[in-house]
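A single chain, nothing else alongside it, follows as structure tokens in the form predicted alone.
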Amino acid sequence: MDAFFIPFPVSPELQVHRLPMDHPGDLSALAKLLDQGVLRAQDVLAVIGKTEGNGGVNDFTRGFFTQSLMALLGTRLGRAPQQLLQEIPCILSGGTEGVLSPHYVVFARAEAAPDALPGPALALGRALGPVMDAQDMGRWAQVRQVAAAVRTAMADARISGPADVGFVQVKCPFLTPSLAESASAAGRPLGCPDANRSMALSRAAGAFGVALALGELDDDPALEAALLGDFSLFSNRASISCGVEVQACEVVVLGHSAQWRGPLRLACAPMADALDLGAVSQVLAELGLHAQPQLGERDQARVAAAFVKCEPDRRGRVRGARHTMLGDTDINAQRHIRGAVGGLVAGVLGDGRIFVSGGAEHQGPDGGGLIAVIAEVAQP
């Protein structure tokens, strides 16, 4: 795998800009920052965002936003958008149900000011794997590809080891009907020809890949049988999404490094279930933020971004009470859970600009998920 690096500053600082979008192709807020000189296009490392699509196989909003982003950056950098697609991870999740607000988070790496807070500070690394063969999707080959990309991203971030990794966001391809048809016609065996289950298998393989890279799982191909089978195996730091708009695994690693400076820190914790308000409070407390029961205005201003993974409990109950998400033929279960958990977390943060992604297979405890928050340290 070839690593790609923008020049690494002597004293790097991570910049995090959480920006609104009026529609899936709206990059006006980013264009304004570039015009004002607040942000340089050459410093952009990655983008993670929520679009207002359905989050399913046919969600076009993710590709629309990605195309618009690369066109904007390509114009500013004098480079072909197609080339930037091979360098800048743009990891999107569709579905802004309930109070969730469409938005995107731009991560940039710049030289820290002389008076910037010393590290260890929040660091980011990125990596893109090779174009994935259809027969590898949802299989141990994908697990290893993701693990390799995570290790590359850790090196890119100058993160010394797995213990310093706080949160890993991955975007994976999956077997679309057209890919499945082509592979079958060529006589190649597939992990699963069904597109919806293929998305789940790909997310599961991505989670195992993160776990493998972070030492949470052994590199044992026999564990392929545990994908979507043994939910006692999971990573507490993995967030995996799938989309038709990607052909390779895109990885963004966030953690802390002594080589980085600045005020940003990250905390991440597993959510035991969809009602785990305690996990939300725990993460905020680690960052010196206190919700009583909601963050006050000063603490809200310190929050730079929030990321959540969630899953409708496949056993059909939450804390012993029956839920109906899995049996609703009108509204997809993932839309139910995004709206429910998104409302819970937004109520605590006082902000609907939260990356809430469903499909948490092997990402946090079964029926739960995880929450990660980036915030500035409190100023004296």
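For every residue, the number given is its place in the sequence shown, counted from 1. Since this is a predicted model, take the numbers as computed values, not measurements.
The next section is about a form of this same protein that is not shown, the form predicted in complex with a further copy of the same chain.
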Is a further copy of the same chain in the model of the complex near all of Ser11, Gly288 and Asp299, within 4.5 Å of a heavy atom of each? no
Exactly one residue in Gln86, Gln294, Ser182, Thr75 has a non-hydrogen atom within 4.5 Å of a further copy of the same chain in the model of the complex; which is it? Gln294
The unique member of Leu212, Ala269, Ala306, Ala274 whose heavy atoms fall within 4.5 Å of a further copy of the same chain in the model of the complex: Ala274
Taking 4.5 angstroms as the cut-off for heavy atoms, does Val246 touch a further copy of the same chain in the model of the complex? no
Mark Met132 yes when one of its heavy atoms lies within 4.5 Å of a heavy atom of a further copy of the same chain in the model of the complex, and no otherwise. no
Check Lys32 for me: does it contact a further copy of the same chain in the model of the complex (non-hydrogen atoms, 4.5 angstroms)? no
Would Ser281 sit within 4.5 Å of a further copy of the same chain in the model of the complex, counting heavy atoms only? yes
The stretch from 204-212, 147-155, 260-268, 92-100 that lies within 4.5 Å of a further copy of the same chain in the model of the complex, judged by heavy atoms, is 92-100
If you look in the model of the complex, which residues in 112-134 sit within 4.5 Å of a further copy of the same chain (heavy atoms)? none
